[in-house]
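In structure tokens, the next block holds one chain alone, the form predicted on its own.
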């Protein structure tokens, strides 16, 4: 089935990068909302704040932190790509190549971050 003409955001790489950019943006927004609320808790009840922070120090939340970093890294790199596609005259021509650059940068960045983070989460990084 041919891709409809007139937009980069229908089908294939352009559409999936658009979807991933929106999903990561929403996830980052919800993290920030929860972060502001749990930080505000310290003024209401320091004991409740400490209890909430204590629940964050689990392997499940450590994996969540890794997911958060992955979302931020992809969103940041892809955001630069979106700006280039929208404001650089040759951006649409190179949008697919730039997406693969984003994927490469994402993989390299996460490969540098994940091993050390996961060692800390699962007790090997003391």
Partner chain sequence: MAQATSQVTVDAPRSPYDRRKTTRGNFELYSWVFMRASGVVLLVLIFGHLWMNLMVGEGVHAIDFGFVAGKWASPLWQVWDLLMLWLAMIHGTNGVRTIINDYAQRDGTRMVLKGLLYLAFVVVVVLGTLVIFTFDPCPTDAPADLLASFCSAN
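Keep in mind the model is a prediction, meaning the values are calculated, not measured. Positions refer to the first chain, counted from 1.
Form predicted together with its partner chain: not shown, discussed below.
In the predicted bound form, its partner chain sits beyond 4.5 Å of every heavy atom of residue 16. Using a 4.5 Å cutoff between non-hydrogen atoms, residue 89 does not count as a contact of its partner chain in the predicted bound form. Interface residue remark: residue 60 is not counted as part of the site for its partner chain in the predicted bound form, having no heavy atom within 4.5 Å. Within 4.5 Å of any heavy atom of its partner chain in the predicted bound form lies no heavy atom of residue 94.
Against its partner chain in the predicted bound form, the set 20, 99 and 102 makes no contact: no member has a heavy atom within 4.5 Å. For the partner-free chain shown, 69, 72, 73, 75, 76, 77, 80, 82, 83, 86, 87 of 68 to 104 come within 4.5 angstroms of its partner chain in the predicted bound form, judged by any non-hydrogen atom.
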